[in-house]
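This document starts with one chain, in the form predicted alone, laid out as C-alpha coordinates.
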Amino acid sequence: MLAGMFIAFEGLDGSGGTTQIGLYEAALRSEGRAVRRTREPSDGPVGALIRAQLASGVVGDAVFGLLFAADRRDHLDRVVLPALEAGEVVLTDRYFLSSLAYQSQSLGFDRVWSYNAEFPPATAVVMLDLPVEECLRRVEARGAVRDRFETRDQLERIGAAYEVAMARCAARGDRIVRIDASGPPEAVHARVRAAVWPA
(Lines give C-alpha, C1' and ligand atoms only; values in the text may rest on other atoms or scores of the structure.)
Protein backbone atom coordinates (compact mmCIF):
# COMPACT_ATOMS: atom_id res chain seq x y z
CA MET A 1 0.00 0.00 0.00
CA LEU A 2 2.86 2.41 0.76
CA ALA A 3 5.10 1.23 -2.07
CA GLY A 4 5.83 4.07 -4.45
CA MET A 5 4.29 6.69 -2.18
CA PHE A 6 5.62 10.26 -2.10
CA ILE A 7 4.99 11.94 1.27
CA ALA A 8 5.90 15.56 1.95
CA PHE A 9 6.24 17.01 5.45
CA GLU A 10 5.35 20.70 5.78
CA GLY A 11 4.96 23.31 8.50
CA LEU A 12 6.38 26.45 10.02
CA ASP A 13 9.99 26.55 11.17
CA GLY A 14 10.02 24.89 14.58
CA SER A 15 6.95 22.74 13.95
CA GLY A 16 9.01 19.54 14.11
CA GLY A 17 9.19 18.46 10.48
CA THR A 18 12.74 17.14 10.60
CA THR A 19 12.02 15.18 13.78
CA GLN A 20 8.81 13.71 12.40
CA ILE A 21 10.30 12.69 9.09
CA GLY A 22 13.05 10.88 11.00
CA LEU A 23 10.54 8.99 13.14
CA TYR A 24 8.47 8.09 10.09
CA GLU A 25 11.54 6.86 8.23
CA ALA A 26 12.62 4.69 11.17
CA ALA A 27 9.14 3.20 11.52
CA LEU A 28 8.94 2.31 7.83
CA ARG A 29 12.41 0.78 7.81
CA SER A 30 11.56 -1.29 10.88
CA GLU A 31 8.80 -2.87 8.78
CA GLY A 32 11.26 -3.66 6.01
CA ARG A 33 10.07 -0.99 3.62
CA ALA A 34 12.42 0.67 1.14
CA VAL A 35 12.60 4.38 2.03
CA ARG A 36 14.27 7.32 0.35
CA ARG A 37 14.58 10.35 2.63
CA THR A 38 15.26 13.70 1.03
CA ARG A 39 14.69 17.42 1.48
CA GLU A 40 14.29 20.77 -0.23
CA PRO A 41 16.40 22.63 -0.98
CA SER A 42 17.86 19.36 -2.19
CA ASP A 43 21.40 18.05 -1.82
CA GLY A 44 21.89 18.40 -5.57
CA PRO A 45 23.86 21.13 -7.35
CA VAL A 46 21.03 23.68 -7.48
CA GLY A 47 20.08 22.99 -3.88
CA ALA A 48 23.69 23.51 -2.80
CA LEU A 49 23.68 26.85 -4.63
CA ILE A 50 20.48 27.87 -2.83
CA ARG A 51 21.92 27.01 0.59
CA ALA A 52 25.08 28.98 -0.13
CA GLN A 53 23.11 32.00 -1.32
CA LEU A 54 20.71 31.88 1.62
CA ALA A 55 23.74 32.14 3.87
CA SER A 56 25.40 34.93 1.88
CA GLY A 57 22.32 37.04 1.23
CA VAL A 58 23.63 38.10 -2.19
CA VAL A 59 20.87 36.73 -4.45
CA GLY A 60 17.55 38.57 -4.50
CA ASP A 61 14.11 37.10 -3.79
CA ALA A 62 13.04 37.08 -7.44
CA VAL A 63 16.02 34.89 -8.30
CA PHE A 64 15.34 32.57 -5.37
CA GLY A 65 11.88 31.81 -6.72
CA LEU A 66 13.41 30.57 -9.96
CA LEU A 67 16.21 28.71 -8.19
CA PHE A 68 13.78 26.82 -5.96
CA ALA A 69 11.72 25.80 -9.01
CA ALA A 70 14.88 24.67 -10.83
CA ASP A 71 15.99 22.70 -7.78
CA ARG A 72 12.57 21.03 -7.57
CA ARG A 73 12.77 19.98 -11.23
CA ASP A 74 16.25 18.53 -10.69
CA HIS A 75 15.20 16.91 -7.41
CA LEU A 76 12.21 15.20 -9.02
CA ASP A 77 14.15 14.00 -12.05
CA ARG A 78 17.27 12.88 -10.21
CA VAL A 79 15.90 11.51 -6.90
CA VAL A 80 12.14 11.40 -6.39
CA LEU A 81 10.76 9.94 -9.61
CA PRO A 82 13.40 7.18 -9.97
CA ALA A 83 12.81 6.13 -6.35
CA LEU A 84 9.04 6.03 -6.87
CA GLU A 85 9.48 3.96 -10.03
CA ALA A 86 11.56 1.53 -7.97
CA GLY A 87 8.68 1.17 -5.51
CA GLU A 88 10.29 3.11 -2.66
CA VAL A 89 8.50 5.36 -0.20
CA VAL A 90 9.92 8.85 -0.68
CA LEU A 91 9.81 11.18 2.33
CA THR A 92 10.68 14.80 1.67
CA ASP A 93 11.26 17.53 4.21
CA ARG A 94 9.37 20.34 2.41
CA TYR A 95 7.98 20.48 -1.11
CA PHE A 96 5.46 22.51 -3.12
CA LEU A 97 3.57 24.13 -0.22
CA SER A 98 6.77 25.58 1.24
CA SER A 99 7.45 27.53 -1.94
CA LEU A 100 3.92 28.88 -1.98
CA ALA A 101 4.04 29.87 1.69
CA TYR A 102 7.56 31.25 1.96
CA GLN A 103 8.37 32.70 -1.46
CA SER A 104 4.96 34.30 -1.90
CA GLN A 105 5.95 36.71 0.87
CA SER A 106 8.07 38.64 -1.63
CA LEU A 107 6.95 37.39 -5.06
CA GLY A 108 3.19 37.05 -4.65
CA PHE A 109 1.19 33.83 -4.64
CA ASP A 110 0.27 33.65 -8.33
CA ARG A 111 3.84 34.15 -9.50
CA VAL A 112 5.17 31.36 -7.28
CA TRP A 113 2.28 29.10 -8.31
CA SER A 114 3.17 29.64 -11.98
CA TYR A 115 6.77 28.57 -11.32
CA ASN A 116 5.63 25.30 -9.73
CA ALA A 117 2.31 24.35 -11.32
CA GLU A 118 3.83 21.70 -13.60
CA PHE A 119 5.24 19.61 -10.75
CA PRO A 120 3.32 16.51 -9.63
CA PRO A 121 1.62 16.63 -6.22
CA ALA A 122 2.83 14.41 -3.42
CA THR A 123 0.75 11.33 -2.66
CA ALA A 124 0.10 12.91 0.74
CA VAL A 125 1.19 16.10 2.46
CA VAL A 126 1.61 16.02 6.23
CA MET A 127 0.96 19.53 7.49
CA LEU A 128 2.25 19.94 11.04
CA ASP A 129 0.08 22.50 12.83
CA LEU A 130 1.68 24.33 15.74
CA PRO A 131 1.03 27.84 17.14
CA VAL A 132 3.62 30.47 16.25
CA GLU A 133 4.52 30.96 19.93
CA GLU A 134 5.45 27.30 20.31
CA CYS A 135 7.37 27.30 17.02
CA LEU A 136 9.45 30.25 18.23
CA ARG A 137 10.05 28.57 21.59
CA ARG A 138 11.37 25.47 19.82
CA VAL A 139 13.53 27.53 17.48
CA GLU A 140 15.06 29.35 20.45
CA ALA A 141 15.63 26.05 22.27
CA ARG A 142 17.76 24.83 19.35
CA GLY A 143 20.26 27.57 20.16
CA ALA A 144 21.08 28.23 16.51
CA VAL A 145 21.08 31.65 14.88
CA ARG A 146 17.61 32.47 13.60
CA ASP A 147 17.19 32.88 9.87
CA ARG A 148 15.20 35.69 8.31
CA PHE A 149 11.92 33.73 8.44
CA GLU A 150 12.12 32.91 12.14
CA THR A 151 10.42 35.97 13.63
CA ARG A 152 6.89 36.26 14.99
CA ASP A 153 5.66 38.56 12.22
CA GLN A 154 7.18 36.44 9.47
CA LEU A 155 5.85 33.18 10.85
CA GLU A 156 2.37 34.65 11.20
CA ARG A 157 2.43 35.81 7.58
CA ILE A 158 3.80 32.47 6.41
CA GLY A 159 1.13 30.64 8.39
CA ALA A 160 -1.57 32.68 6.63
CA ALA A 161 0.06 31.94 3.26
CA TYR A 162 0.10 28.22 4.08
CA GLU A 163 -3.69 28.39 4.58
CA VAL A 164 -4.16 29.95 1.14
CA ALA A 165 -1.79 27.43 -0.42
CA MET A 166 -3.49 24.44 1.20
CA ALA A 167 -6.93 25.60 0.07
CA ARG A 168 -5.77 25.98 -3.51
CA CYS A 169 -3.95 22.65 -3.56
CA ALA A 170 -6.89 20.85 -1.93
CA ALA A 171 -9.17 22.34 -4.59
CA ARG A 172 -7.13 20.63 -7.30
CA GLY A 173 -7.33 17.32 -5.45
CA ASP A 174 -4.12 17.21 -3.38
CA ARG A 175 -4.33 15.08 -0.22
CA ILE A 176 -3.34 17.24 2.75
CA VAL A 177 -3.37 15.72 6.22
CA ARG A 178 -3.32 18.26 9.06
CA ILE A 179 -1.67 17.02 12.23
CA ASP A 180 -1.65 18.58 15.68
CA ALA A 181 2.13 18.94 16.23
CA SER A 182 1.94 19.78 19.93
CA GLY A 183 3.20 17.46 22.63
CA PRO A 184 6.01 14.88 22.69
CA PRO A 185 7.45 13.82 19.30
CA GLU A 186 6.29 10.23 19.79
CA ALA A 187 2.70 11.37 20.30
CA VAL A 188 2.84 13.49 17.14
CA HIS A 189 4.31 10.54 15.24
CA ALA A 190 1.40 8.35 16.36
CA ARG A 191 -1.01 10.92 14.91
CA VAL A 192 0.93 10.99 11.64
CA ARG A 193 0.94 7.21 11.39
CA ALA A 194 -2.77 6.92 12.13
CA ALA A 195 -3.66 9.58 9.57
CA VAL A 196 -1.38 8.60 6.69
CA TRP A 197 -0.72 4.86 6.76
CA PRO A 198 -4.30 3.60 6.43
CA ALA A 199 -4.87 5.49 3.17
Ligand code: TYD
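Start at 1 with the first residue shown and count on from there. This one's a predicted model, so the numbers in the text were calculated from it and none came from an experiment.
One more form of this protein, predicted in complex with this ligand, exists but is not displayed; see below.
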| query | finding |
| --- | --- |
| 4.5 Å heavy atom contact with this ligand in the model of the complex for all of 13, 68 and 103 | yes |
| Listed range touching this ligand, judged in the model of the complex by heavy atoms within 4.5 Å, from 131 to 139, 23 to 31, 167 to 175, 36 to 44 | 36 to 44 |
| Touches this ligand in the model of the complex: residue 93 (any heavy atom, 4.5 Å) | yes |
| Touches this ligand in the model of the complex: residue 54 (any heavy atom, 4.5 Å) | yes |
| Contact of residue 123 with this ligand in the model of the complex (heavy atom, 4.5 Å) | no |
